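Next up is one chain by itself, shown in C-alpha cells, the form predicted alone.
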C-alpha cells in the first residue's frame, strides 16, 4: 500500500512563514489556536522562556513521579559502561513492548549477562531462548551482534551518538537514549510518546508518520533537552507521554506543562476541539491475511507404534527459518504457506509434498503413519500480518525415516521433549506445541492407530 504522506490540515488555519518567524521573538503570549501544517513546522520553535519553564517543570515532576524501573536503578556513578549496557538492553526490549512485560525479561537477561562482555560470549540459541515471548526476534540478534562488535573494538561503549550509530542494531533513537542517559550528552530522543507530547505542546497537525514531520519533531526535541540533565529530561518527556499525556485519555489536570500546552489552550477557546486531536490520527496499515499448515512431526524411536506425553524416546522435527525476514533464524515446526480456500485434503497434500521433498519423509504409505490428527486452528497476530495456522500432529515410525542432507539454506534437526521445552521458540510455535499437548491429554494418554 502506498504510504500516505499528505498532511492532515482539515479545519486548520495555516500561518504564513513571515508571521511565524516574527512571533518567535515577541513577548510571551498564548500559543495560536490553529495547528501547524507540514510546511510550517520548519518555521516554528519553542520560545526561550517556554523552554526554561518546560525543562524546570518536567524535571521537578519527574523527580517525584518517575516509575521505579530496574534499568533506572543503575546510577551514573557506578560505571558508565554498565549504565550504557542497561539502557541499551532496556530500550531495545521496550520497542513495541509494554513496560510491565519488559521488567521480568530485563531482570533475567541482566542476571545471565550482566555486562556486554558476558553477552558477547553467548550463542544466538541462548539469546533467542532468553528472548522467547517478547517477539520481534531481530532485536535480540542485533543485541548479540552489537555486543560482539563492542567487545571486538576494545570493550568500551562508544560515548557519542555518532559513534554509537556505528554499532549494529543501534539507530538514532537508541543512540540518543544511551548517549544522554549514560554519558550525559545533550542530545534528544524521539519516540511515539515524545511525538505526541510535542505535537500537543505546539498543536502540530501534520502527519506524524511523515519523514519531514518526524525530522522537525527531532529538531524541536533538541531545543528542549536540558544540557545539565539530558538523560533525565529525555526520560521525563517519555514518562509524561506514557503516563499522563496518553493517546486517548490524557490527564491534563495533573500535567506539569499544561500551562505551555497549545492543544489544551485551544480546547478552552473552541468547545469542539480536543487535546486528543493531536497528533493527527493516521489510518493504520491494513493487515495482511496469511494462512499456513503447521505439522508437528513426531518420530517414534521404539517399534511399539505408540507414544504418550511422558515418552522421552520420541523426537520432534524442527526447521530453522532463514536468517533474514520474519522470525529470522528461529526454529519452528515444518510449515507451508496456503491459500485461503485450501481444504483439508489440499492442505495435507501440500504438507506431504513438502515433507518428502525437504526431509525424505514419505507419509503416503500408510505403514509409516502411527497417527495423524487435526489438532486445531490458531490465529497469530504480527504487526501487519494476521496469520491463521492449521495445526496437525503427525506421528511416524522411526524405521521408515530416510533423512536427506540439508537442502539449500534449510537446516533441520530432531530434538526430544526436554530440549524442545527449553528452546527459544516463538509465541506461535509454542502455542502450536501446547495445543498438541492439550490435544493428547483430551485423547487420554496413548495414541495408537
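Owing to the predicted nature of the structure, the values given are computational and were not obtained by experimental measurement. Residue numbers count along the first chain shown, from 1.
What follows is about the form predicted together with the DNA, which we do not show.
Participant: Hey, in the model of the complex, does residue 418 get a heavy atom within 4.5 angstroms of the DNA?
Facilitator: Outside the cut-off, so no.
Participant: Taking the shortest heavy atom distance, is residue 316 within 4.5 Å of the DNA in the model of the complex?
Facilitator: Residue 316 lies outside the contact set for the DNA.
Participant: Would you classify residue 91 as touching the DNA in the model of the complex, given a 4.5 Å non-hydrogen atom cut-off?
Facilitator: Yes, residue 91 is a contact residue.
Participant: Report whether the minimum heavy atom distance between residue 151 and the DNA in the model of the complex is within 4.5 Å.
Facilitator: It does not: once the DNA is placed as it appears in the model of the complex, residue 151 has no heavy atom within 4.5 Å of it.
Participant: Only one of 341-349, 107-115, 255-263, 165-173 gets a heavy atom within 4.5 Å of the DNA in the model of the complex; which is it?
Facilitator: Correct option: 165-173.
Participant: Can you pick out, from 296, 355, 327, 370, the residue that has a heavy atom within 4.5 Å of the DNA in the model of the complex?
Facilitator: Going through each option in turn, the one that passes is 327.
Participant: Work out which of 201, 161, 238, 143 lies within 4.5 Å of the DNA in the model of the complex, going by heavy atoms.
Facilitator: When the DNA is considered in the model of the complex, the option within 4.5 Å is 238.
Participant: Can you list, in sequence order, the residues from 124-150 that come within 4.5 Å of the DNA in the model of the complex, counting heavy atoms only?
Facilitator: If the 4.5 Å heavy-atom criterion is applied to the DNA in the model of the complex, 124-150 yields 133, 134, 135, 136, 137, 138, 139, 142.
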